[in-house]
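Next up: a single chain in structure tokens, the form predicted alone.
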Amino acid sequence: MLSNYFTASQTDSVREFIQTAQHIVIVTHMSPDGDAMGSSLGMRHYLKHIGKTSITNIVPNSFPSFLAWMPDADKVIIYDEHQAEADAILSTCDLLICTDFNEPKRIGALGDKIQNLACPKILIDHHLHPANFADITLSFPSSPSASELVYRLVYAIETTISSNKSASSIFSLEAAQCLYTGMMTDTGNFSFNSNHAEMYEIIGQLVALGVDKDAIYNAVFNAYSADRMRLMGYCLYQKMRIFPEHHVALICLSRKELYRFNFKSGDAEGIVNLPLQINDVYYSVFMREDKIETHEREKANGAKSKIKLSFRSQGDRPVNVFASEVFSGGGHANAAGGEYYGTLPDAIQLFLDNYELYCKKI
């Protein structure tokens, strides 16, 4: 029996919102990764399983091609490509479910839209410091993934209705495949933030439902393009800098370099983890230059470029404080993100000015 993360009041309220809703919309964060897609599509398949017929998944921008195999991924509406259609659906929404983000700015132009909706909102997330915009906030930063939280929530709802229910009667295979994908990707195939016994109990239940974990691994991690492989080689051979006294690695890419390798959404996935395979490298930071979206121009304050940062670390060496205090980001102790509005050289200099303060000298 899984431990219960949620109060009886929370579980009852979520169940009541779902039972009375006729038009449900599920949203997740910009540049959706495996956990964003897994948690949002996993929730979609649960709602289908209990008979809901009007369910729409909306993402702010496109997701990587290696996640396109996921059940119902072809039904997801990409907001920056189909804004009028998405706005029309949001106008009729009577329940909004938000997964894998902690504040509206994480969903770009959708952020203002959802805050102005009059319908009930449920937030299911595992990042620090959730904003107060939902009617029900289910935030557990200790959880390895939002997909695991969706599993726990659904399990809690259904076993409250009937304690005799088993996972096989609660989850469809499609839901299990989506939730497993989110759990797998947000832990680097269970290589970090994954020392949680109950997580493997859940994985066992998902496999028992028919999830082929080897096939999912192959679909996600062995589906990159030749250009992406060349980009990885370029990063390691020409772009990686190591600061041995503090056991830090840094990789930085300009938009010109990304264009050279025909960069597509998802091609940067996992690059930040590569330096951690080096002996005595315990911190890794990856920066890439990105375009500023229309909804970000005010925040950019005249800057012409946005730098997206990923932080990773091993063991008792947090990077989320570095990401938060220096690069307006945050996340988990060993996996965080940030952003900087300005030039790539300026972002690099900001890193050089601060990394010694945040990375332990061992």
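The shown structure was predicted, so the numbers you read here are calculated from the model rather than taken from an experiment. Numbers follow the displayed sequence, beginning with 1.
Keep in mind that the form predicted in complex with guanosine-5'-monophosphate is missing from the display, and what follows is about it.
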Picking from R317, H49, K308, H295, the single residue whose non-hydrogen atoms come within 4.5 angstroms of guanosine-5'-monophosphate in the predicted bound form is K308
Which one, E103, E174, D94, E289, lies within 4.5 Å of guanosine-5'-monophosphate in the predicted bound form by heavy atoms? E103
Considering non-hydrogen atoms and a 4.5 Å limit, does guanosine-5'-monophosphate approach P60 in the predicted bound form? no
Any non-hydrogen atom of A335 within 4.5 angstroms of guanosine-5'-monophosphate in the predicted bound form: yes
Check whether H127 has any heavy atom within 4.5 Å of a heavy atom of guanosine-5'-monophosphate in the predicted bound form, and answer yes or no. yes
With a cut-off of 4.5 Å between heavy atoms, is H45 one of the residues that contacts guanosine-5'-monophosphate in the predicted bound form? no
Which of 349-357, 336-344, 18-26, 5-13 has heavy atoms within 4.5 Å of guanosine-5'-monophosphate in the predicted bound form? 336-344
